[in-house]
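Quick setup: the structure tokens below cover two forms of a single protein chain, split into structure 1 and structure 2.
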Structure 1
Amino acid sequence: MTTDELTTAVPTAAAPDRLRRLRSVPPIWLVLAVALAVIIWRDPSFAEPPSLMAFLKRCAPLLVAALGELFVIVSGEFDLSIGALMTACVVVAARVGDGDPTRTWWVIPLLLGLGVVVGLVNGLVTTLLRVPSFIATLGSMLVLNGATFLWTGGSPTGALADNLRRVGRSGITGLPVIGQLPWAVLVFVVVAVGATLLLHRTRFGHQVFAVGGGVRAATLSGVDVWRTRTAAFVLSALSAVIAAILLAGFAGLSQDAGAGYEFQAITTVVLAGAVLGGGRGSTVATVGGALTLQALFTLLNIFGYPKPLRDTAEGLLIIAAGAYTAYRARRSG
């Protein structure tokens, strides 16, 4: 082979390799790139580092909640209670803390304890009583919403302490280029890294995938199904508590602070390619899903569309993402 023929053959052989690498990239990241390009086209200031940091800070509660939801969905179940739990956490923190910074140090453990209780109830009702998780967590959502309404009389009282809100609304200031690095961004990076290691690099994570892939096969392999699924529900509830603390930071006290987050979290996970029947999912793709969903909401706001249209778009997204995931599953056998 001559030198010219060799030079021509190398790029030809390298082209399929580049195409295979491109196909291996989760589609959600390509959608995110397109969405961000359109946002920057309409609003060039969005590309400035401070604006990007503000965008990531807004994404943080959804991202943390979605990562918790991912564990439940990969295990083959649903958790519809996270939005109501987030609202309850914000209301409890304001009512019990009453704006006193000295109370924050025991208010946060109280909220985490509430999350553990809700997660355990959801998990045990689903696994031991064999109530479908859709029904069990829907019931938990109604119980939490009703209890919160009765406790507050429909109008939350108290105040969120400044040191509690600092996590969600402030950060490390005086940094070059970006100006401020929000604490919320650091929190979701830590949660994302921890979730990735737990789901993809530990025995527990492998058990979650095994249970979602097939309960009988997982049982025959020695996996304790009810413990694994209950632990997934507890992780989901704890993620909702962390998301509520971040949300309270920049959104403040509201009687519907977490409304809709359960559906946004499920939409995020489905957009990321997780199978609703369980057995497949990725934390890295879920991060891309959360960023993409928030970017699409930002686009709708830029174009001046009202919130009802945003809800419609979210519904269409989850249908389209679910159809695409089912199509890929059929193609892969």
Structure 2
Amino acid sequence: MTTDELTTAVPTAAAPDRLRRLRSVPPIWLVLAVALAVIIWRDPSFAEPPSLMAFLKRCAPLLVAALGELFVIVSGEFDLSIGALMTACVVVAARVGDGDPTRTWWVIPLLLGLGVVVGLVNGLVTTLLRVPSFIATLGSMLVLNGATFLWTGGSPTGALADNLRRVGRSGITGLPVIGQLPWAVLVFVVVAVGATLLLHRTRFGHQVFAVGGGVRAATLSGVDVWRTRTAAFVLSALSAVIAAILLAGFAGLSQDAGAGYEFQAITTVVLAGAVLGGGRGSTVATVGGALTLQALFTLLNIFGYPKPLRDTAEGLLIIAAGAYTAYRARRSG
């Protein structure tokens, strides 16, 4: 195309271009807007800043975990181990911390270290030993679950220190309008901004997309595939550790603290339009996905549906999201 063609083409293309940009907004935001509107219609107090903050606080652990899972899924793999890792973190923090606030300063680095080890093992088993990540991380899940409770003798022991729980439970109080800014919300904003910059603005982020889009093409253009994927697994595990610390705050110590989080995180990422198999996904849409899932649960609660139906709603939503993504890919491809 010559420069002449380009300049003449631009003005005529402007109008459909804007329409196309509107259509390229992930539909998850539309679903979220409708869900929030219905919630506020049924329960106007929900729109008040303090209860919005409480809502965001409830979303925080899933959001942080999902942002980590996103890196792995964009790179073309799965991470089924994050739920077990989250449980392990909560149980380990209670056992070694034993409710003593002075130990928290080394408990948190210890947990992050555990996360790095789990992420490295997942990544290296997947890339160097060529075990499919579904199996590799299923194995980590079994090993983590087994090891954690073998160590504690079947049920969690010890207690979570107060200052550790504060991260997930309390916040900066006495602020105008919102009243309290929960630490959890602050953490998820920081993680979301960090993940966005890392995935969409850095060379590493581009490499994650390249690896997920096609291993051969990525290798030929000089991307270190195994290093990129391993780094994605480490990021996922680190996010799970942060999510576990938030969860320890408001859910406390329990032996199934993180159970099911791996599938919820994958659901969230898929709701946000990411494709299993890699190469597509966005951090901002993932935030939308997590908020939508939580809004949907709130909605079912308001209408008084029994709790199990949450699963049914989530199942329908994930199939709809998968079908929509596939439909879009067919039309644009």
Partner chain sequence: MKTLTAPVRLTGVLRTDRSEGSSRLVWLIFLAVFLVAWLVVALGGGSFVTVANLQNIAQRSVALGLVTVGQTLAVLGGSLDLSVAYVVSLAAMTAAVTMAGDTSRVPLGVVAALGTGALAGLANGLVITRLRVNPFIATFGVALILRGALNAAFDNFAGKVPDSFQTLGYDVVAGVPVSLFLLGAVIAAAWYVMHRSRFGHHVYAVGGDAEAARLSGVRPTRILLAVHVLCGLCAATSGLFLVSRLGSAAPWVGPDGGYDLESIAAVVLGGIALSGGKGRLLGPIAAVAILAIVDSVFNFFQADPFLRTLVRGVVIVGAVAVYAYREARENA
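What we label the rigid core is the largest C-alpha set whose atoms superpose within 1.5 Å from one form to the other. Residue indices: 1-based, along structure 1. Predicted model, so just to flag it, every value in this text is computed and none were measured.
- Structure 2, rather than structure 1, originates from the form predicted together with its partner chain.
- Relative to the superposed core, residue 50 undergoes a Cα shift smaller than 2 Å between structure 1 and structure 2.
- Relative to the superposed rigid core, residue 304 shifts its CA by 2.6 Å between structure 1 and structure 2.
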